[in-house]
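Given next are two forms of a protein chain, the same chain in both, each as structure tokens and marked structure 1 or structure 2.
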Structure 1
Amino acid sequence: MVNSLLIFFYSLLGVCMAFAGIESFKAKDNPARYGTGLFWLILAVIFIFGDLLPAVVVGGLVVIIGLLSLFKQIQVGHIKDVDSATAAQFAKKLGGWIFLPSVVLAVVSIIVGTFTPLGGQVAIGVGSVLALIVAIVETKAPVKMVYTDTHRILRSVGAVGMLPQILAMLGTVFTAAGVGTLVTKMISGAFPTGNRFLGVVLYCVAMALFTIIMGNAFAAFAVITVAIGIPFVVSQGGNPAVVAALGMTAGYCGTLLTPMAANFNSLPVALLEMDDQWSVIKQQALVSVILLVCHILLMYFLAF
């Protein structure tokens, strides 16, 4: 049942991407409309038919996406903005109830993820669908508006919307290729084992740095935990539960500092049309450093 629901939600995402592809082809003011449309349609095919396609075909499609990006054939172009007067009118009419769909999404996701065996991914899917239904009922929005805003938001994000999936895949490839073992050998030759505090510092800082490179703490976690967390912290007597929990969140300190974390740092810049693409990261830099120091101290005093 879980797999069937996941396939349904991934297919639903694929349909939304197909909408973005169709509208991108129609955007005559975009000089790269064919490449942009092809990008979204390829993603739609992968999301809808990924389980049915041979791995080599999916890999080839991902390579095509990379080539489109390399030759700058994926461009946002001009996208019609939301009517500010209509938005202000709805916001005034709804008042605080405007946040109801967001609350439904969060609450339903937590309930489904916590009290059912469906898992977090399915929980977010269920919460999203219910939140959309609540938003349509609450605002009495026509179905056409759902279509319009879906492709508008997706096209506004552009190619950076693919980064989380690519980076998660890259983490899996690194782990399978034995990068963690290689890093262990390199680190052990430069830093002696036995010093607990040094091990904690190495692990937390490496998690943050590798997350900056990968853009995703999940991708960094498997590699760095195998390479540093286990031999330099857990093997020295560190509590595995504490080390794993704080190691993961130490990686998120790096998430605050990298444009590779598209959904956190690049997406707000794109949606809010900020002039400085680094503005979000600049605001988060000091917080990131302070949190990383706190992680080091907490892991050292709680894990041993």
Structure 2
Amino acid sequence: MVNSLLIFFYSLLGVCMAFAGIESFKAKDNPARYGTGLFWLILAVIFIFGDLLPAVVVGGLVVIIGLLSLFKQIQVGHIKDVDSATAAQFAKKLGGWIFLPSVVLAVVSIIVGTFTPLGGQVAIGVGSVLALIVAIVETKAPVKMVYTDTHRILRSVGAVGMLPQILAMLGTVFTAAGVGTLVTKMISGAFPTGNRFLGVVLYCVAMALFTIIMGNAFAAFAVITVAIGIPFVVSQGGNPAVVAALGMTAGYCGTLLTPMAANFNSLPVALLEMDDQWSVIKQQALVSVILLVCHILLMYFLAF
């Protein structure tokens, strides 16, 4: 039951991706329209038929996505913006009710995920579909508009939106290749295992440091949790939910400190016409360090 529901939701997502693919092909002003369209269609195939296709074929398709991206053939291109006249008119009419579908999504996802045996993933699917229905009823949007908005927002999220799943895949490959075990062996030569507090310090600081270097906490999480989080904290009896939740946000403390996180620390410098490239980071530095210390203490006391 849970599995067939999940396959249903993955297929639904695959259909949305196919819409994005078709519309990307049709976007004549995008110089990379064939590559971009192919990218979305490959994803559509993987999401709809992922369980039927041999894994080796999917692996080949993923490598093709990598090649498309390498040769700059996946591009968002120019996407028509929201019609501001319509938006303003409905904003006036709906007021605060515009947030209703979002509230439905969050509440339904939590309730279904907590009080039914369907699990968190199916809950998100159920929540999303119900929220969309509420939004359609509320805005009385015609089918064509739902279609337009669906491919518009998917295409504008683009390849960046797929990055978390690709990083999760990397984590799986690291595990299969024994990277975690290797790093543990190397570190445990220099670092005492068996001390819970030091393990927590090592994990949180490593998350922040790797994020500073890479500019991306998601990427750091996939690497550092395999290499340090599991062997040095979870294996010593740490609650995995606590360790993982706080491990990720310990990485965000690093995001606050790094010019590598251009979207957050450099983009505002340009947007707000500031003079100093480091201004935003300077304002965040003190809070970031305080929060990192809080992460360490909180993880230590909550996880054990």
Partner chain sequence: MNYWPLIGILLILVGFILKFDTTAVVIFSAVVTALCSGMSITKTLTVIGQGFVDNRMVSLYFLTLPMIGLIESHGLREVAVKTITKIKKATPGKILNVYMYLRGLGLLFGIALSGQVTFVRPLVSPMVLASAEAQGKLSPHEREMLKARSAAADNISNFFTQNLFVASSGVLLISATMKSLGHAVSPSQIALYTIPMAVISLLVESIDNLWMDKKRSRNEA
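Please read all numbers here as calculations on a predicted model, not as lab measurements. By rigid core we mean the largest C-alpha set that fits within 1.5 Å across both forms. Structure 1's sequence is the ruler for residue numbers, which start at 1.
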Kindly point out the structure, among the two, that is the form predicted together with the partner chain.
-> 2
Large Cα move at Thr255 between structures 1 and 2, threshold 2 Å, rigid core = yes
Taking the rigid core as the reference frame, is the Cα of Ala244 displaced by 2 Å or more between structures 1 and 2?
-> yes
After the core is overlaid between structures 1 and 2, has the C-alpha of Ile230 moved by 2 angstroms or more?
-> yes
Would you look up how far the C-alpha of Leu291 moves between structures 1 and 2 when the rigid core is overlaid, in angstrom?
-> 2.6
